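Next come structure tokens for two forms of one protein chain, structure 1 first, structure 2 second.
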Structure 1
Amino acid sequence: MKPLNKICIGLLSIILIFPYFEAFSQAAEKGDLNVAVSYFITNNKVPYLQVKVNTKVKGKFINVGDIPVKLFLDKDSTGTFIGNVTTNEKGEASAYIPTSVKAEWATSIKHTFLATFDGNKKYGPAKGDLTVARAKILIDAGSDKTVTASVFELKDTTWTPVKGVEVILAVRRMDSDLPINETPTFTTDSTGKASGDFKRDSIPGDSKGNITLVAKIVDNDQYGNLLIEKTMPWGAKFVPVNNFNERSLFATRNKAPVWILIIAYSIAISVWSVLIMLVFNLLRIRKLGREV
């Protein structure tokens, strides 16, 4: 075979094999992740971030767990690194803003939080960010049972009242917050205040009648999530009814209901009295036999 023919056959073979090789070697298509960042500050203390990761499968959003996410303040660099978090089965993870970024935090009245995922075998890299202005919320409760929330934004170096912010005024309950009256949200006026009358007089509080009032801003585009609490003795005193030590069918042995004790012991005593009488009867028969 001529050398030219050999080269042609070799090239043809490579051309034919290459697509198949490509087909085999091609990696499975990676999924896309959505990374959302939320900002929270409770009682004007240390703010924290919550990351939520999900993906779209067949038109439905599904939470993705076990995704490592890096969080940064303003820019992706070592000095502004907030921390590494990994999402749980609900696709959520959270981290407090550490003191290591305090200097960066103080430099600006607005901050952008960056969340980055570098990608893995299943999902490609993903990013999310959130920009919030520094704000705070205060709560006040008057003797006439009026609840007032005040919202301030940091402008330059002073806290300035903010107008037109929607605030929820509510009472803390076990699973969720109950608005203080029929109005679901209140809007701050030019002084940054929003007031509502407390109309949940009969609501149970603790043993002293204390309830926890909350004022909160939820998912605000500018300020994120702000919440503040205040305890007031406006609830009804709750006296727990504990029947643990009462006599019942399900109590301990020394707390059996009297009726069951009477019935059980009466039956047992009467039957066993008969049996004991029969044993004595046997002894009488024995004695009679000995006498014969």
Structure 2
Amino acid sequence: MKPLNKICIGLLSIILIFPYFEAFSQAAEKGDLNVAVSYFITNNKVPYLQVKVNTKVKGKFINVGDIPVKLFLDKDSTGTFIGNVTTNEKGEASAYIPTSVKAEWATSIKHTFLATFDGNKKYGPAKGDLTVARAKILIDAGSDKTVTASVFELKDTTWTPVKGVEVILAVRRMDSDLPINETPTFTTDSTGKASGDFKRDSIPGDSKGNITLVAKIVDNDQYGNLLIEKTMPWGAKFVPVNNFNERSLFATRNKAPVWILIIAYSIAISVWSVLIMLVFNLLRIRKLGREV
């Protein structure tokens, strides 16, 4: 075989084989995803799930968005399907547990939630799961400003008090919940109760002095995240003051404070006075030069 023919055959073989190597390298470069499932229930009503997806790049975990995830209750089947969710830019997605799985929900006092991702061109398949026991939390406030949270777990058909659960007792604020006193968390006793004294007497409330008390369990290994609220008139009454038509720093230009106007006009008058004096002195110098 002539050398030229050998070269042509070799080049043709490389061209034909190259796409397979490229496809293999792309498959090998698929990243691994971590799928975490969290369970939430507020005021002992309809629970919901939150899924968080991230990946590890150069030793750091990065949230991954636009990942479709399927959610199931206990097992991957049609009758236990909770829903499809897609993560946002923070790598998070949430879904309420629908009534379609109510029958499966009632069959057990403990459930496992499954989250599955089938994979795409960039990431391989991934799964996550979370097992929680059915529980509830109650809140009570006494006339002596004592806040009490009670934690119960469903055992057989009876709600049983749970001992040793960390509970946060706080006041609902816009940015974050504020503890009712210096103690960050409280632990339930043998009766399932955890109590603390409310020491935020000067905290602002609404126009009637109402504030929202919160008792919550955060990221518990057995029960997930439970939260309950209660409104009490223990805050300082907030009476809004409208000073829109009064002079203030935040008013419109024609309602600026008098002292600011005096300073501003004084500066303007001073600057223009200096400029006028300079022009006047230049004219005098020019006149004197002509006389000489």
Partner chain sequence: MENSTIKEKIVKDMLPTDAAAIREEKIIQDLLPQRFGKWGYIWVGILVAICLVGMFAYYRQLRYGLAVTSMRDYASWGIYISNFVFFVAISLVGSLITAVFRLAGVHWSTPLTRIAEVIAVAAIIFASIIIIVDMGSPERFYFLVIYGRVQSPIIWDVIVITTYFFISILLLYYPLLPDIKILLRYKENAGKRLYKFYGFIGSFWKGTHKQYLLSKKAINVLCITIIPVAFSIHTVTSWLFATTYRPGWDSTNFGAYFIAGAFLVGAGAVVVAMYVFRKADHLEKYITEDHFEKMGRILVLLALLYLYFNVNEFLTPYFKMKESERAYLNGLFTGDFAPVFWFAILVGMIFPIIILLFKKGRKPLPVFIVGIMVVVGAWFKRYLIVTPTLLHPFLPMHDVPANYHHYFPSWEEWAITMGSLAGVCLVITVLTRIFPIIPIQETLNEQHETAK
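For the two forms, the rigid core is made up of the largest set of C-alpha atoms that agree within 1.5 Å on superposition. None of these values were measured; they are calculated from a predicted model. Throughout, residue numbering runs from 1 along the sequence of structure 1.
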Item to complete: Choose the one of the two that is the form predicted on its own.
Response: 2
Discussion item. For a quick test of reading the superposition: does Phe61 move by 2 Å or more at the CA between structure 1 and structure 2, rigid core aligned?
Written reply: no
Worksheet item: Can a Cα shift of no less than 2 Å be assigned to Lys230 between structure 1 and structure 2, given superposition on the rigid core?
Response: no
Worksheet item: Comparing between structure 1 and structure 2 on the rigid core, is the C-alpha shift at Lys255 2 Å or larger?
Response: yes
Worksheet entry | For Leu283, CA displacement between structure 1 and structure 2 after the core is overlaid, in Å | 33.8
